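We begin with a single chain expressed as structure tokens, specifically the form predicted alone.
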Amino acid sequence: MNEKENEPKLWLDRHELQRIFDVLIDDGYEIVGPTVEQGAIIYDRISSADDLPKGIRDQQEPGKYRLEAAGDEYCFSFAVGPHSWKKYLTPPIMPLLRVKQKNSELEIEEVIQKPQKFAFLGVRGCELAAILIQDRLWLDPAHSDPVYRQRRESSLILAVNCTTPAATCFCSSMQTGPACRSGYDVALTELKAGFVIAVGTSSGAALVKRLPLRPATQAEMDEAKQSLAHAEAKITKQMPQVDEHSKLLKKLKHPHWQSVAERCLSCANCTMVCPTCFCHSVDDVSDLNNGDITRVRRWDSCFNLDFSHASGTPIRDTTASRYRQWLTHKLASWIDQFGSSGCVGCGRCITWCPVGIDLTQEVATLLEEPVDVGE
């Protein structure tokens, strides 16, 4: 459901924020939200409003990230950090089955994942779009993933409209933010005295009925709307507004791929922090103590040399070819697969690239060439 500008909103005083936690815990949810750890704002299990990064802001640039004290009471006055919600919907490492040797026979048992009931608190507009993109992959009726389906269907999403975008954000040009457009149960806009709340689903309506809310005043709704307008005005980075799908696939032999490769470390940071990347591998891990074998699904990346290993050799054996694969898949061939771009403009790949490679600048450079240089 989309948030309508003129739709009536509710108001929650700042000192009542803990009540959201109390209700969610009473309902058996594991609350996952932003908190500070090792100098970054990450997503982890939290149980109290005191766990939130109150009075903390982030400063982001290509290849740079740092936190600073803001000296206020705001709990969501930051953009996005290195974590995304896929960490909880598709775990980085997940055992699938175990092979045990009993006497002279092998016994195979499936590893059944414990059902999880998550409440995701602090989901931004770009991240809502990313979750919906992941849905197209993991919930495809032809081959849906049972773990993802269970976690997704039992999750509650409490989104937060982004009012403090980072310098690396470009969500507005991808039409995914900074406002939360769809995919949430409840959406909050943080103001100095409290939160303007919009309800998106029946599950969200059931939650807010148990909170000490009142109708938001027109002044409060206007202030919330104005804060989002100011946030959008701060977003200066833009993805080039062209048909990346057709144009990028005609630049496969462009010399700029090699220029990027001379800077790229092929470290896979961009794919690990990306909220939509889904590449994974399956490994058999042996226990040297008892001989048992566990089959494990783990996150992988198209930047890893072995990821394209086939017929005895890697298909993409250069950094240039792997960077090209990632960028053209994310912005072009992803459209063929899922009907949309695979990028939501969160800017994580720019911030967490050790050498500060900027996706938007690389695309602009590739598209500057007026003549196609080979398909």
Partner chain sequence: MSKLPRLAVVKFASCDGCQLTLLDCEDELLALGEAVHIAHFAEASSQLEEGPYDIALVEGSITTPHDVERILLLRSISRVLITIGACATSGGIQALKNFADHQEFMKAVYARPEFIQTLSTSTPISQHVKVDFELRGCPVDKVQLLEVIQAYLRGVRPKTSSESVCQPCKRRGTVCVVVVQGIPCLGPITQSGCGSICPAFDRGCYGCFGPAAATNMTSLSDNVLLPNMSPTEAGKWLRSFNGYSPVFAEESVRLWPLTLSNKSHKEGGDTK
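Positions refer to the first chain, counted from 1. A quick note: this is a predicted structure, and the numbers were derived from the prediction, not measured. We call the rigid core the largest set of C-alpha positions that still match within 1.5 Å between the two forms.
Not on display, but discussed next: the form predicted together with the partner chain.
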For the three residues 93, 284 and 288, verify that every one has a non-hydrogen atom within 4.5 Å of the partner chain in the predicted bound form; reply yes or no.
yes
### Task
Answer with yes or no whether residue 68 is in contact with the partner chain in the predicted bound form, where contact means some heavy atom within 4.5 Å.
no
Give a yes/no on whether residue 240 approaches the partner chain to within 4.5 Å in the predicted bound form, heavy atoms considered. no
Is residue 38 a contact residue for the partner chain in the predicted bound form, using a 4.5 Å heavy atom cut-off?
yes
### Query
According to a 4.5 angstroms non-hydrogen atom cut-off, is residue 306 in contact with the partner chain in the predicted bound form?
yes
Answer among 163 to 171, 197 to 205, 112 to 120, 298 to 306 for heavy atoms within 4.5 Å of the partner chain in the predicted bound form: the stretch 298 to 306
Checked 175, 266, 182, 150 for heavy atoms within 4.5 Å of the partner chain in the predicted bound form; positive is 266
Checked 55 to 82 against the partner chain in the predicted bound form; residues with a heavy atom within 4.5 Å, sequence order, are 63, 64, 65, 66, 82
inquiry  = residue 175: after superposing the rigid core, is there a C-alpha shift of 2 Å or more between the shown form and the other one?
reply    = no
Any CA movement of 2 Å or more for residue 193 between the shown form and the other one, core superposed?
no
Checking residue 116 here: with the core superposed, does its CA move 2 Å or more between the shown form and the other one?
no
